[in-house]
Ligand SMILES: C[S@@+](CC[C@H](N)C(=O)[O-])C[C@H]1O[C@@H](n2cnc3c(N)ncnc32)[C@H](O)[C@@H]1O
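Single chain ahead, written as structure tokens, the form predicted on its own.
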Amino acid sequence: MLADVVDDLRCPVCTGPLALRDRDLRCAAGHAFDIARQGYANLLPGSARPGTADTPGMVTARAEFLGAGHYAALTDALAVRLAGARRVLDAGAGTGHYLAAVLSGDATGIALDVSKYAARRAARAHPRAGAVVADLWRPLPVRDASMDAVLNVFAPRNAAEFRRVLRPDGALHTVTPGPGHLAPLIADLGLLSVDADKTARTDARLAGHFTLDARTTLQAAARLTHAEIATLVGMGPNAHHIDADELRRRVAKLTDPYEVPLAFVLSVHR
């Protein structure tokens, strides 16, 4: 809930501390930000024009796919890696699935996403997680040196801001697609290709703020029905590029079930 993380938030306008009221978050300077009835706070400044955000359909698809456990290997690995982190920022949290998995004991977490539809889900993901709508490309509404860990799974990376909000001994945990991730499915359905240099590009973007500390490639597989394949496609950027009827036509040509290789690169930067 927001009450668990409000002390780690800051006003996106003046950077002052925020206090929780009945229906809003407010700083001493009088800047106020509504709390939606679903429990998340919108900390986008009034003048902000966020980039592309996940649609309701994409969020529903992601909740369904991840909730079915198809990426359980990744979820479990992250839970092990972040064990012991008492304050976690999930930057680009989506539904809050991964954040909920890494919060153990009395740890608290901030689920930050630009999509209000994602924030609605994230607000219910874990009792000690607070969901916030904010743009990763802008200064984050999180106080300096307040986080033990920043989690970033398939999401944009704001290196300077991640460094600012981390404690000196904190760590940035990123997940990028590994070689061969979803490759046969991408080829058979004509999906957007996975950037083969994604991990290298991530390293380059973080350079100057972080140094690579550890890296592991996690290989797994998922046997997916046609309906599950449609859900997987619908939860990502391909949802914007393939008409639903055309997707069904392409999926119908696949074997059912269809085995999909999964590959995740888990990196720790400090």
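Quantities reported herein were computed from a predicted structural model and do not represent experimental measurements. We number the residues from 1 along the sequence you see.
Missing here is the form predicted together with this ligand; even so, the following discussion is about that form.
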Checklist entry - Pick from 91-99, 159-167, 123-131, 179-187: which stretch has a heavy atom within 4.5 Å of this ligand in the predicted bound form? => result 91-99
Next on the checklist: Just to be sure I understand the contacts: of 66, 27, 220, 35, which is the one whose heavy atoms reach within 4.5 angstroms of this ligand in the predicted bound form?
Outcome noted: 66
Checklist outcome for this item: Students should find that, of 142, 103, 149, 114, the residue having a non-hydrogen atom no more than 4.5 angstroms from this ligand in the predicted bound form is 114
Next on the checklist: With the partner left out here, check for me: in the predicted bound form, does some heavy atom of residue 53 sit within 4.5 Å of this ligand?
Outcome noted: yes
Checklist entry - With a 4.5 Å heavy atom cut-off, would you call residue 172 a contact of this ligand in the predicted bound form? => result no
Checklist entry - Does residue 153 make contact with this ligand in the predicted bound form, using a 4.5 Å heavy atom cut-off? => result yes
Checklist entry - Can you check whether residue 136 is within 4.5 Å of this ligand in the predicted bound form, heavy atom basis? => result yes
